[in-house]
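Taking the form predicted alone, here's one chain by itself in structure tokens.
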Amino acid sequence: MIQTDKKINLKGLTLPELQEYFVSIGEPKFRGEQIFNWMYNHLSFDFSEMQNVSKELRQKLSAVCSLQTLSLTATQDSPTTATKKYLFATHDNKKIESVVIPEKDRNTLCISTQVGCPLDCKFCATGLMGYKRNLTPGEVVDQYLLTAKEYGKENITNIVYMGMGEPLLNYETTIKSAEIFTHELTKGLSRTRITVSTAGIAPKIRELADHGLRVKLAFSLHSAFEDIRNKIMPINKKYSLKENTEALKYYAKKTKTRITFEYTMLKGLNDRDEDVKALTKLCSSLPSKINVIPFNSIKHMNPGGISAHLEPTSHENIHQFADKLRNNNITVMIRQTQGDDIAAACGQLAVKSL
């Protein structure tokens, strides 16, 4: 259990863990279910609000337990797309960001799993922050709870683990938080509305498949060629695309879900005819679809090296690229850029001062 200021932090504990805690302090097991419901369903951050819990127990819990891991320090709204960015501070004064992306039939919350990111993908601002630490389950869950409290719980329909960090390098936290989100007592979020995105940690993809959670999986592909992935995604040197492809096939078969390939379009690097051919071969080998993503500027992080020279594929060429794939019977979605005017679009999340 996480302790802050010598108090036991209950946020981020699963139902069995809460039940175990209350039994350990001489309380009935059902108290765990009550507190779980208040925290994750009713968005309660104060024991005094928990009216079906005795006043004596509420006072006892207030003295020894904490219900909050993050503080919401700022919000920023895009005047063009209504995308909303949230800046949170952790107990040790680290900064992380989350984003609500509004669409016609859904509002998706993009949450972070790490402070910064260790992977250093060349097209991503988060990698330029460096890496400080993993987030705790409570810190991941509180991004949803604090956002839902401000934005309206009923208004958040989907969650994607696509913010700062690599979710599968913080595997236990990702699993635990997803279990909390999808629990029947949390209400409103099903596994089909949860997506975990990974840059390619092949052993953890297999482990996630075996876990049985069966959330949707998005794979940050960005090139179907090993040498290009090596240049723009250093993690590919450790876990090759070939190894990851076998893991993705295993995941799709074991969970009976379709893999989403995320593909950021980079001028002259991955938008060629040979890329269409390679993508077609890859996508034809397993149940999948492609999300084509315009490259969003990371100049706000003053990048160097290859990152400083990356350019976006033109709008016209993106559509031509997608049409070529569709002609090869590949399902393709072109993701519209949202929030780039507030550095909240895909690949732009970063806090310069950690």
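Model, not experiment: these values are computed from the prediction. Start at 1 with the first residue shown and count on from there.
Separately, the form predicted in complex with a small molecule exists; it is not shown, and the next lines address it.
In the model of the complex, the small molecule sits within 4.5 Å of a heavy atom of residue 163.
Although the partner is absent here, residue 244 lies well away from the small molecule in the model of the complex, with no heavy atom inside 4.5 Å. Contact annotation: residue 204 falls outside 4.5 Å of the small molecule in the model of the complex, judged by heavy atom distances. Shown alone here, residue 279 lies farther than 4.5 Å from the small molecule in the model of the complex, counting heavy atoms only. Of the candidate stretches 324-332, 45-53, 294-302, 60-68, only 294-302 has residues with heavy atoms within 4.5 Å of the small molecule in the model of the complex. Note on the partner interface in the model of the complex: the residue among 96, 124, 135, 99 having a heavy atom within 4.5 angstroms of the small molecule is 124.
Contact annotation: of the candidates 145, 259, 199, 180, the single residue with a non-hydrogen atom within 4.5 angstroms of the small molecule in the model of the complex is 199.
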